[in-house]
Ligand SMILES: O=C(O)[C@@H](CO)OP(=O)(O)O
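We begin with a single chain expressed as structure tokens, specifically the form predicted on its own.
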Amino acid sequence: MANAMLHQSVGSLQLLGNSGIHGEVGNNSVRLFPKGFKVQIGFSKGGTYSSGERKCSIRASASQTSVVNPVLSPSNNDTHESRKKSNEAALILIRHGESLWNEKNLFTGCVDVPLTKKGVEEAIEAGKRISNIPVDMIYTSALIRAQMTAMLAMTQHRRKKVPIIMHNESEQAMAWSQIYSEDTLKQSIPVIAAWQLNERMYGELQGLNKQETADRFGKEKVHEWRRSYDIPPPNGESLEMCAQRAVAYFKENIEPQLLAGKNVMIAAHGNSLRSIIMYLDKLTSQEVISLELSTGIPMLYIFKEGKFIRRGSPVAPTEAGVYAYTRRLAQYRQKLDEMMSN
């Protein structure tokens, strides 16, 4: 049961006799100890505006279960390819709802501003559209508008698990944020904030009105800064530069979780998500610049056999017209229906 539980939240495991269980997925490492063990998870190259190693501690229980049967971890003798074929995982991408600077038509970039009332409503609506899709881990940018979107969306999920932001600012922060109730831990979802998922840094355009900027520099120049792939605004990032950090973080930190069978939600921004979709859908630099993502509209991918398959983007008024459910997702929803009726 301990193996199944931790695999539900981290990845593959290795038994270490009486000393506990140790597991690694990419740069993440975990050690479990029997009888009220303590889980220690190390995240590298993540963080809220910081580089270096991320660490957090969570009190956990070997009795934790899931709505669906967890995918058991393969043995150390299994090959990378066999693991790819044995798991199926859901990946949900959500662009944050409207922010206060979106409303004012200002270039926002990495300036940290919250959602408007409309943005809050968009996040809640997004949550309704993914309320029957399993979520084991959540990744957000370091910016409040993405974190608000993730948290508000999860208030609508039928499983009623609570998203909890992992704090690693200091040893004290890690110690003070530990969870000591095993029952509470079973109903929690770790939320990892990473600056690499931030919006593109717009440099000297940040805080400027978009229309006034076009009048000042010319529509063609501003359009070039906003929609070209490799031309950055003054002292800012191009989409190519944003893609380099966002995709690298996705491949190093998020993809291993999907490979291990974890269902992941990412709440981020137009340009960081466009970058990830470019990787998932194998788009060219010309194709990605014409890709538009609406605020608060979730996109669903299935990761299976080493491939990402887009299963829907909710533009229809009903869930049935939005997502092409796999058998596993249909079973998950059926299990939710049974739980809710009891």
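For every residue, the number given is its place in the sequence shown, counted from 1. All values derive from a computational prediction rather than experimental measurement.
The following text describes the form predicted together with the named molecule, which does not appear among the structures shown.
Novice: Although the partner isn't part of this model, could you tell me whether Phe107 comes within 4.5 Å of the named molecule in the predicted bound form, counting any heavy atom of the residue?
Specialist: Output for Phe107 is yes: heavy atoms within 4.5 Å of the named molecule.
Novice: I'd like to know whether Tyr202 contacts the named molecule in the predicted bound form, with contact meaning heavy atoms within 4.5 angstroms.
Specialist: Answer yes; at least one heavy atom of Tyr202 falls within 4.5 Å of the named molecule in the predicted bound form.
Novice: Give a yes or no for Arg129: in the predicted bound form, does one of its heavy atoms lie within 4.5 Å of a heavy atom belonging to the named molecule?
Specialist: So Arg129 does not count as contacting the named molecule.
Novice: Looking in the predicted bound form, any heavy atom of Lys210 within 4.5 Å of the named molecule?
Specialist: Looking in the predicted bound form, residue contacts with the named molecule include Lys210, since a heavy atom lies within 4.5 Å.
Novice: With the named molecule left out of view, which of Gln196, Asn253, Asn271, Asn263 would have a heavy atom within 4.5 Å of it in the predicted bound form?
Specialist: Looking at the other structure, the residue within range turns out to be Asn271.
Novice: Among the candidate residues Asn102, Asn87, Ser238, Ser188, which is the single one with a non-hydrogen atom no more than 4.5 Å from the named molecule in the predicted bound form?
Specialist: So the residue touching the named molecule in the predicted bound form, by this definition, is Asn102.
Novice: Please determine, with the chain shown alone, which of 155-163, 224-232, 244-252, 169-177 has non-hydrogen atoms within 4.5 Å of the named molecule in the predicted bound form.
Specialist: Going through the listed ranges, the match is 224-232.
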